[in-house]
Every structure is written in structure tokens, then in C-alpha cells.
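Okay, here we've got a single chain as C-alpha cells, the form predicted alone, with questions on binding and movement later.
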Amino acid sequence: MIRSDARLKARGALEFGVDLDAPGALHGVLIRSPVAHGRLRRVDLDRVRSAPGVVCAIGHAELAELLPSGRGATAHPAFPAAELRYRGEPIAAVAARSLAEARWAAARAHLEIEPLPIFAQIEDVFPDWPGAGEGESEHVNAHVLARQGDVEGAFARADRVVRGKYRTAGIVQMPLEPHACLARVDGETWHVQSSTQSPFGAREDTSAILGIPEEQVVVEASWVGGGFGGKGAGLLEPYALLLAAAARRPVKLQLSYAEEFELSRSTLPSIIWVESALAGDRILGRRVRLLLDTGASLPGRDFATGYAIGFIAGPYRIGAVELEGYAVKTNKPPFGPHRAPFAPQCVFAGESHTDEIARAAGWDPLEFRERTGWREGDETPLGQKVGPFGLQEALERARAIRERWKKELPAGTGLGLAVGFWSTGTSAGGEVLLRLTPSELVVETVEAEIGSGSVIRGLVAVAEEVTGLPREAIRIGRTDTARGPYDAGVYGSRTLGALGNAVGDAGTKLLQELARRIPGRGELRLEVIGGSCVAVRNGSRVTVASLLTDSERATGGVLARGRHYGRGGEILAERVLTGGFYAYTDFTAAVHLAAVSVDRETGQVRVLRYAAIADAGRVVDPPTYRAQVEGGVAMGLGEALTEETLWNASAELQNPGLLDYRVPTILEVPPIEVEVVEGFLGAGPGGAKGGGEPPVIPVPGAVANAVADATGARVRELPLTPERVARALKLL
């Protein structure tokens, strides 16, 4: 079944962020810091302004005159006044008639910078686990600590204690399209079209940075050429708007692909310690320690620490748990979310450790997970009750696949299992507006399709089910933040959950309104006959056109607004000792199996087969859901085997491009078996669970466990490059 955007994309007929243009538009370029840490003594833009084609050049000194009266000094201004926090930080910007002229002019800026000490890695800040009082360091963005039960007593009573230290690398989101936007300033309205996953999020960030009321900032999303979390917040929009205000002309600002690597909020490197106290097949206690490199992220904006750390403990019944994490500020660019923010890395550590403790206790890893895994009604370490959870059924499916593979695959093949879980993000609410015209149903939203199908297909599928109209008669109508209903954004497996529920709410209201206009009783549905929308009730058919009021004819149709603001679960506050932890909305299991071969001379890992068993709740659109699972596995294989950002001691990215940053090709993605577990209902429409994040979460853990099964050697650092595997095999 072909998606409605497929042919348009194949013909190049859609306008993405990189395609944006306007009459008289200028091209903007950022003037960026050449050092990772320094004190800015002087910014001289005279030579920039005198360069050919330049219309304007701006820095911190120009902010006060460009922004509304009294709003030049915000808490976090667009351009730094003194301290430079990371290499590539925007110091100034230039707009010129052409991109080539803007780039040439930007290189002529004269900067006087006093070097300051560089903290490039976590170990530069904390060589080991932070000692008492170090949590108050200026290098700490966040500190979280939670405890359940008698952890010390659990370790004292244990028959066996297993410990492991794990490292994970930074990952770039790798969208086909880099960040791009087109800005203009019309009177008091600051308008920007942007390749963004979250128009209202970009509006909020832009408003905060520029000190302009949100109602004066209008964000309109273009089609998005991939986001994977990297386009969920404001990035280029404030700079483009400042240039447009200075030039009094539209300005387009777009990252090069090297800049996309350097500035696009890639995910976070980490060091993770896990230790577990065992007695037979019981986990008496588990202690988790996390140091998370956030780059130059602003204090208070880090969500990953308190949310992701729970994934390290895993979906297991554990007698006592202690979770502690520090978000550590370094002189690298601010990091951010990547598909399932930091969960694959956490699960790599947690599932590698779970395999180790199962084998240490003499248990089959799958059976150990069956014995200890959550069931509905169990309690998380923070005291939340586990809701409908398909983990046990998914493990049964995994057992059958594993037994079949053992018969089919050659000797020496390593088989690895990993379990992950996620939560459908419906608590970040959303609203939609349905407009029923005589010929179609329009779903009006600010959100753009980012490639996953959650907007262009998922919302349409819900509207089909609720109203009865065929997909051909339902269209997504995109608008901007000034005119459209509020939504938090397309991220976090929340689109179908939150906006889908809003579509269902609006669709129900729409049918109820039409029912009031048609005499009789019974269910009302919509059909299309001869190109016209028709209301059907008790066998009688009435055209929608005949049901419209005069005002509805003038405005284009019958309107119905739907909204959904879901409630998350509740955690026990007394277990949270420091910082913020977060409850889950629902519980979505993912159980994966990987079959690998390992070259004993080079350490090269080849994934031969892969199986993903997905706890879906209820699948709304099977082809789209399956594509999400397959895409998540392919992305996870990159995280497992090849992808990592490499930073030197000067906090300079060494591989900002596809020549040195390796992503899997289609030849490296094995056959993927997908099985879906339904019936354990979640927070989405009709019990659907989020499908965007769960498929990527267990992949690094499954591959790492398969490598250990094949070789007997454990690699505790991502990615599992040939060199790291070879070292584990004592080949180097």
C-alpha cells in the first residue's frame, strides 16, 4: 500500500527546508568559535561588512538594537558576550547575496580570544566517580539519586556479586537533510519556516533566546528530511531571524553537512557502572552509576539523566535498587536526543550485565529473563505499577525463533538476546482541528511529516477508523503556530499516541455534530460517493454539502477540535533523594535476537540474522509499523557496530562526515524477522503503543551479547569495532 507522500517525494515535488526560498532572500552563514573554550576579548566585523555581496553582519553588540526595546539581554543570548563554551559556537553571523559570498566574508572576521582550560572528556572533569561535594561543581548540569530498599543489606547477603563498567559513544542523528530555515520580520511578527520536528518547541526556544513574546514568533514547519530527535528544538531559527531583522529582507540559513555533524545536538557519550547482588535466580540488589557527557548543555535543560537511568536497571524484579547519575558539562557542543534518547546505550549496559549475571549464576540468559522479568502488577524501582506488558509473550516467541536458528545456522554462530522497554509519550499533549468539507476531511495540525509516517499515515489511519472515510478522502493540512492547534512535537513515540487520540476525539465530536442534524437514531458513518462526502445513518444517505450552515460554507466546512493530554504514571516521591525522575505512561516491551559471526583474526563482526519481537498494544497501520521496526533495527546496528563521534583533546570533532563516520549500508543489514505481540494495550488510540523508539533500543545489547556468545569475550564499549573486539579476543 503506497503512502500518499510517496509519489510526490519520488518526483521531488515537495518543499523541504533546504528547498525554501523567497524573492530577494539573502544567504546567512554563522561565524563560529575556533576554540573549544576561551574568553572573547574582541569581535571586529569591519572586514566582513566590507566584503563583496554582504548586506549585514551582526554579533552580540548588535543584539540590543535589533531586538525590541529592553530585550537585548536575555539569560542566554544568541551570541556570547564573553565566554566561549565549545568549538563552533556561533559568535556572529553574516548575510550576503549568495552563499559563496557569505562564506568568504565570514572567514574575514577578526576575533581576539584568550584561551581557557579545555575539558574535552568526562575524565577531564571526573577521573573517577565524583567524591563528596563534587556534585556542586560548575561542571555538573544535573545530579539524580534514587533508592529503593536496603541496597547495602542486599549486597551483604548475596551469594555472588557481578560488576561491570561500560562506555558508550556519541551518535549523530544522520538525517538526509541538514538543518535549514528561512526567516523574515514583518513589523512585530518574527516569522520563520523551518525543518523542525516541533514548531511550538522551536517557537518557545526562539522566544527565550531573543526575549520576544511567544505570540510574536511564528514558526511554520516545512517537510522534514529526517530528524531522529535532532530537530526537536530551536537551533538556527534565532540567528536567521536576527539576520532578517538586520537586513530587512528574508534570510535563509542552512548548515553544511560538516556543520550538521558539529552542531546538530548529537547524542551523549557516557560511562556506566552496574553491579548486582545475586542469590540463585534472584537479583537481590542492583546499583547503577552513570556519568553522562552533555557537552555545553544549559543547566536545567537535561532530561536524559533522570529518565534514561531507569533503563539501565531494566524491566526486572530486583529486591533493592540504587540509581545515581551526573550530567557532566564538557567543552563539546550541546548534546541532545537521538531516537529513544540514550535508551539504547543504557540498555546495552544493562543487558550486557544481565547476560553476565545469568551466565555467572548458571542460567540460560532467556530463561533468567523469563524468571525475573516484569509482569503486569509488578513495581518499578520508583514504585510505579507495571501496566499491560507483553514481555513474557515476546520472550516465548524469542525462544521459538532461537531454537529454529540453532538448527539452521552453522556452528560457531553467536546468538544474543536483549530486552528493552519504552513508554508512549502521550503526557506531552496535543490538539488537532478536523475540517469536513463536501469532498474531503482535512486534519489541520502544525506538525510536518518527518519520514516515519506517523503524521501522513498514522493520523490518517485513526481518522479512517473513527469516521469511516477512505484514506483517499483524508488529507493532512499543515499550518503555522499562529493559526494551528498546539502540539508538543513529532518525537518520543508520541505522535500517534497524543495526536492520534486527539484525532479520535475530534472525529467523535464531528460525527456527534452531524448526528444532531440528521433525524433518527443509530450510528452515523461517513462515506464517499461520486467524489462527495456523505453521512450514512440507518441506511439513509445525506450529502455533507447539504448539512453545512451558511457560515460553514463560507469557512470551508464543519469544524471539530480534538485534544489529548495524557497522564503519566505516579512514582513514590520518598524514593527520590536528589533531582528529577520520571514515571512511564505505559510499558512497551521489545525483545530482540541477533545471530553473528566473528572473524577470529580481525575481530570483524557480521550480523547474519536478526529478529525483533514488538509489544505493540494494537497496530493501527501494519505496513507503517513494520517499516518502523525494520528501520529501528538498521539504525541500531550502526550504533552497535560502527557509529561514534571521535573527539580529540582539544574537543574537536575528528570525523564530521560520511567518509569517516560509518553508517551501515543496505549490504550490512541482515534479513530481519518481525513479530508483533498485540493485546497488552497501551496509551494510544484503541490501545496502541508507540512504535518509533522501541525497535532501536535493544539492538546494541543483542549484538554485544551475540558477540560474547560467539567468542566467550565480553566487549563493554560501544561501538563494537573490529579493534575493540580484537582486544577482547587478546589479538592486540
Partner chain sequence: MQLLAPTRAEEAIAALLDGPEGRVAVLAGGTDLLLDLDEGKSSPEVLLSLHRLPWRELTWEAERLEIGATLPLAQLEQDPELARRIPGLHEAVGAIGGVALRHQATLGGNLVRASPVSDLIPILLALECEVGLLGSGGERSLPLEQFLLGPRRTALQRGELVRRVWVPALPSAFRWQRVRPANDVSQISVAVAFAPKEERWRIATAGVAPLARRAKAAEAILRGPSPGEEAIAAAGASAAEEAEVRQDRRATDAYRRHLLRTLVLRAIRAVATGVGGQPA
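Small disclaimer: the values here were computed from a predicted structure and weren't measured. Numbering follows the first chain given and starts at 1.
As for the form predicted in complex with the partner chain, it is not shown, yet the points below apply to it.
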Which one, 479, 602, 512, 543, lies within 4.5 Å of the partner chain in the predicted bound form by heavy atoms? 602
Of the options 618, 248, 606, 97, which one has a non-hydrogen atom that comes within 4.5 Å of the partner chain in the predicted bound form? 606
Residue stretch of 594-602, 142-150, 488-496, 517-525 approaching the partner chain in the predicted bound form, non-hydrogen atom distance within 4.5 Å: 594-602
Is residue 216 a contact residue for the partner chain in the predicted bound form, using a 4.5 Å heavy atom cut-off? no
Give a yes/no on whether residue 660 approaches the partner chain to within 4.5 Å in the predicted bound form, heavy atoms considered. yes
If you check in the predicted bound form, is residue 711 within 4.5 Å of the partner chain, heavy atoms only? no
Please run the contact check for residue 551 against the partner chain in the predicted bound form: heavy atoms, 4.5 angstroms, yes or no? no
With the distance limit set at 4.5 angstroms and only heavy atoms considered, check whether 642, 646 and 722 all reach the partner chain in the predicted bound form. yes
Stretch 693-732: residues contacting the partner chain in the predicted bound form, 4.5 Å heavy atom cut-off: 721, 722, 723, 726, 727, 731, 732
